[in-house]
Ligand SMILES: Nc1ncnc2c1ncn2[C@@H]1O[C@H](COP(=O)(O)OP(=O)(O)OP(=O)(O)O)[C@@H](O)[C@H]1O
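Here we start with a single chain on its own, the form predicted alone, put down as C-alpha cells.
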Amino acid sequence: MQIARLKLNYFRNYEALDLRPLPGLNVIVGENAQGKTNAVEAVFFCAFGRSHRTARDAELINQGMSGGYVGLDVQTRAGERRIEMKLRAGERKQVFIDRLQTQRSGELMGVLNVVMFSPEDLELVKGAPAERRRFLDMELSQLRPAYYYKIQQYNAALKQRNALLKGEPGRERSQREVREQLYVWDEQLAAAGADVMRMRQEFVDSFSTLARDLHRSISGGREQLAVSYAPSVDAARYGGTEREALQEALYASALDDIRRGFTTMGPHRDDLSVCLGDAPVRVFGSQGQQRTAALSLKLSELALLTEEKGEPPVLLLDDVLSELDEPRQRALLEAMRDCQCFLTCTSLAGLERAGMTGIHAYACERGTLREL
C-alpha cells in the first residue's frame, strides 16, 4: 500500500501542498513548529477520519479561513483509491471515497491502513487504560470495519444509560423506577458489548505472540513480554456467554451505578495487560523497558496488518528516531524495509548514522515542502 499523491488546501499551516511521495522512505526535515507533523497528521486523518492530536475538526482549518481540504490517492493491491476530506467551519466534515460522498464514517475504515509511531507511544504502556483501549479500537477498526460500527453502537447505548443514571436536575426518582428503566439499555449494552469483547479477545490473541517474539528479538532474548486482554467483566466468573455475563454484571452493579451516576461495568472499562514476566511494565518497568514494550506492540500491529491485508500499511514516524537507542532503531529499520514510510525529524544526520538509505527528503519551512 502506497500513497501516490497528497494534496492539501488550507489544512493547518499549509495554504497549498501537492506532494507526490515515492516508495520507500520519505523524510520531512525542518525546525520545530514549521508543519512537519501537520503533513503526517493529514495522512492519519484520511485513514481514520479524525486527527490524532485533536477531536475538533475546526482546529485543522488554516487560521482565518472558512474551510480546508485533504485529498489522498493511494495505490493498493486491489487498485487505486481516492480519499477526500472537506472541512467547513461550523459544519460536519464531508468524506468522499473514490469521489462518492460517504454517509457513514465507518466506510473509511480499511481503505488506507496506517501505523503511526510517535513519542506519545510510551503512554500506550505507562498511561491510563483509556490509551490502551484506544489502541485496540483503532487497530481493530482497520482490520475489522464491522468492529467500528459495533463499538459505535455500544457507545451510543452507553451514553443513553449514563444519561438515565445521571437523571434530570430537580427531578426526584426512586431506585426502583430507575432500575426498571435500566433493563432496556442493559439489553442493548450486553448485546453490542459481547461482540466488542469477542473481537478484542481474538485480536489480542493474534498479536500477543507477535509482540512476544518481537520483544524477545529487540531485548536480545533477555526479557519475556506477555500481553493479554483484561476485560472488566470476566465471563468465566459469571458463567455462560459474554452477553449473559455482561447482563448479570450490569444487573449486579445497578445500585452502585445509580449512586455514582455512571456505568461502572462493561467494555468501556477494559484494559490491556502488558507485563514482563508477571510484573506490569507500567508499574515496574524502567523507561527503557517501557519503550521496548511500546515498540513491540506497535511493530506487532504492523506485522498483523501486513499478514491479514496481504500488503504492508503506510508507516508514519513522527520525530521518534531520536527517542530510540540502537537496538530499537535496528528493529524499526527492519520493519520499514517493505513499507512506504513518512518520517519527520529536525536533521538528516541521525538517519545517516542509523544506516538508512534510499531517502527521499523534503525541507519543511512555514507550511511549505521542497525537495532536497
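Residues carry their position along the shown sequence, with the first being 1. A quick note: this is a predicted structure, and the numbers were derived from the prediction, not measured.
Below, we turn to the form predicted in complex with the ligand, even though it does not appear here.
Residue contact with the ligand in the predicted complex: residue 49 places no heavy atom within 4.5 Å of it.
In the predicted complex, the ligand stays beyond 4.5 Å of every heavy atom belonging to residue 323. By the criterion of a heavy atom within 4.5 Å, residue 55 is excluded from the residues contacting the ligand in the predicted complex. Using a 4.5 angstroms limit between non-hydrogen atoms, residue 66 is distant from the ligand in the predicted complex.
Contact with the ligand in the predicted complex, judged by any heavy atom within 4.5 Å, is made by just one of 27, 61, 43, 335: 61. Checking 340, 34, 306, 329 for any heavy atom within 4.5 Å of the ligand in the predicted complex turns up a single hit: 34. Residues of 1 to 18 that come within 4.5 Å of the ligand in the predicted complex, judged by any heavy atom, are 12, 13 in sequence order.
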